[in-house]
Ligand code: NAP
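Below, in structure tokens: the form predicted alone, a single chain.
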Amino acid sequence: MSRNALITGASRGIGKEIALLLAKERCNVIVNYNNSKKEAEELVEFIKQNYGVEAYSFKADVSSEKEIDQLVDFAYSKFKNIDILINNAGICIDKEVADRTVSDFLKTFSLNLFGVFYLSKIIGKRMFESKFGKIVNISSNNSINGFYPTTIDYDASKSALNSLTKNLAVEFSPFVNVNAVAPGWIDTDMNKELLTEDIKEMESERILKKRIGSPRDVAEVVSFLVSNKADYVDGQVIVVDGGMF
């Protein structure tokens, strides 16, 4: 039986790779995006042509409760149940601590934390009622180790996301598994400007695997967490950073 997955921020990077892998594994998918309409539509078309599952795209800013409500309405208009929720959408803006404002914090937290809470609360309740569900939040290894103060609000939001993950696991137990994946350096569009060749070489020396991660590295762990193989894994934050120190 096919399962139905909703993935936020899924038009590019880690979200896109998760959508592709879940579709390959026979999941129907809803690709949420905010700005990248062309990429989302192309991804949906590729999935339908290559994997023979249902796929849809939907624009929604998941820092907005109103737009989250619209996304949820759309999702349940297409599928009776949402079995898998991947909270991947996020924002990270580098800025010196001295230049950071409370408004910057609120903007980051609105997407990285508040939106995740609101969407998970709504869908998690429905999962609980149907007695099955898998929620995976995409965190960051910055939530555990403070590497760079220039991302102080991002780091704090992801630390809070880890706590949210554990609390939601308790709230929706025993029927819904809620876990988080905390990637390190991943070669995505979001990191394109930061990860110059010099930076890649320097940062790779701090990673036991001696390389920058790929979106696939993260997607494989997410795929495991939403599978039956991970049925006894709940309330965990799994670091996927190649052994960064």
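Don't overthink the numbering: it's just position in the shown sequence, from 1. As the structure is a prediction and not an experimental result, all values here were calculated from the model.
Only in words, not in the display: the form predicted in complex with this ligand, which the text now covers.
**Q** Counting heavy atoms only and using a 4.5 Å cut-off, do Ser139, Ile186 and Asp189 all touch this ligand in the model of the complex?
**A** All of them do, each having a heavy atom within 4.5 Å of the partner.
**Q** In the model of the complex, which of the listed residues (Ile144, Ile91, Val72, Ile152) lies with a heavy atom within 4.5 Å of this ligand?
**A** Checking each option against this ligand in the model of the complex, the one that comes within 4.5 Å is Ile91.
**Q** Residue-level question: is Leu22 within 4.5 Å of this ligand in the model of the complex, judged on heavy atoms?
**A** Result no; Leu22 lies far from this ligand in the model of the complex.
**Q** Can Ala60 be called a contact residue for this ligand in the model of the complex at 4.5 Å between heavy atoms?
**A** Yes.
**Q** Check Ala169 for me: does it contact this ligand in the model of the complex (non-hydrogen atoms, 4.5 angstroms)?
**A** No, Ala169 is distant from the partner.
**Q** Answer yes if any heavy atom of Asn179 is within 4.5 Å of a heavy atom of this ligand in the model of the complex; otherwise answer no.
**A** Contact with this ligand, no.
**Q** Please pick out the stretch from 198 to 206, 35 to 43, 22 to 30, 48 to 56 that is in contact with this ligand in the model of the complex, where contact means heavy atoms within 4.5 Å.
**A** Result of the contact check: 35 to 43.
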